[in-house]
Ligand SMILES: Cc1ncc(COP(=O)(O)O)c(C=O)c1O
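Coming up is one lone chain in structure tokens, specifically the form predicted on its own.
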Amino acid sequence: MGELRFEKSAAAIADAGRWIAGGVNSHFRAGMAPGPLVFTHGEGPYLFDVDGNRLIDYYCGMGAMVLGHSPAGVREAVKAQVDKGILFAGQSPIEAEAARMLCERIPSAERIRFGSSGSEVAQAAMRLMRAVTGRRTILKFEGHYHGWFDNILWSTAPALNAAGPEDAPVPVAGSAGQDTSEADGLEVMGWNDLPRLEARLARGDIAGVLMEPAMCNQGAMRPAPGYLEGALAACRASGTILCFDEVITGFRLAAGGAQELFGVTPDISIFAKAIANGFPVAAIAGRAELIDKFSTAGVLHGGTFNAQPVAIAAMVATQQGLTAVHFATAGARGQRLQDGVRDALAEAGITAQVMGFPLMFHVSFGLSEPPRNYREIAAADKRGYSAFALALLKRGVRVLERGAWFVSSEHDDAVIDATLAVVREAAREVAPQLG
């Protein structure tokens, strides 16, 4: 079988560019080689594009498709709800059922409010933390991503020559046209450095700490031993609210998210992506006394599509599929894939770090030691990894160029075997090109 070709996708993107800026509707869908792809349908672990290619998919909808593409249970639940109604501008019984499920599953969730995207619930979290504490400043970390809005899109992937010293990072805007005054209510720190975090919080003026409990926007890094526990203790001592951004980690690291896996319960948490297997559902959850401020203390939270019944039906069906058997079976396969990728790269003589979790891991070329924070992973050979990703794609395996691999319940043993065969071929091809 020869290399796959993608000319029809290129033509379709060019044609769509007559009406859609760049031919895509999200900045994050552009820039991959050989160009944005156009898909006709998805099934299980596969995507099918307009060129007729069948691709083993490890994008999984940027992590959302934890049960694979078009799972029957989710489709049936959605069809049933469509027959009942699409949008009421009011409440429906299924949203209470959905909220109950999450409150029973997520350690921090005593109360919940639903939204439509991770970016939206991050905004709700920051507003809530400021309202509760009466303070202004939110502390975030280099390499962590909490949405694309002006007040939080800072230092998500900054060039190190612009980021300032490691012990005093300079906030770096993520977009042209970003309102620089929005950074006034934000401070940026390096992640995984507990003494520095404790010292900053001790000043008593931080409203909230917003962090990925495992750094998965850039890499797939675990917190250092004691880091999350220490962060929570320092927040409690200083009257600061701790918020975990579990948009990526939620429902991938464990049924109750990273907070369940690591045994640390924050004050509030935000979720999206895998919560509803591709449907636009997000949630902010936390202690009842905090989340209830949305209804008792004038903290505005709204949205026409919040708890939209069709999307919530998909969420309920998704959560029903996230059983202990799912995490055990899919997790074992994901770990086998992760180990196999690591072995294949080593056999080809490629220096790389393959690290993370069974259903979400990351591959960094050019690093001889596991990275612990953004500054360390920023030294990875991104160009070399992009060449590897393209070599995989031409052989029918689709992976994110930023190094993330997402695994679903539909990536069975045969799919893992086929993937690893392609990985070995691609590694042998690109190894001579690497410095």
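This structure is a prediction, so every number in the text was calculated from the model and none was measured. Numbers follow the displayed sequence, beginning with 1.
Absent from the display: the form predicted together with the named molecule. The rest refers to it.
- The named molecule is not drawn, but in the predicted complex it has no heavy atom within 4.5 Å of D267.
- Contact annotation: E142 falls outside 4.5 Å of the named molecule in the predicted complex, judged by heavy atom distances.
- The named molecule is not shown here, but in the predicted complex it comes within 4.5 Å of a heavy atom of K273.
- With a 4.5 Å cutoff on heavy atoms, N217 counts as touching the named molecule in the predicted complex.
- Comment: 117 to 125 is the region of 228 to 236, 132 to 140, 332 to 340, 117 to 125 lying near the named molecule in the predicted complex, near meaning a non-hydrogen atom within 4.5 Å.
- Scanning G147, G164, G174, G73 against the named molecule in the predicted complex with a 4.5 Å heavy atom cut-off leaves one residue, G147.
- With the partner omitted from this view, the residue of A313, I248, A285, C243 that lies near the named molecule in the predicted complex is I248 [heavy atom within 4.5 Å].
- The single residue of 177 to 213 lying near the named molecule in the predicted complex is E212, the criterion being any heavy atom within 4.5 Å.
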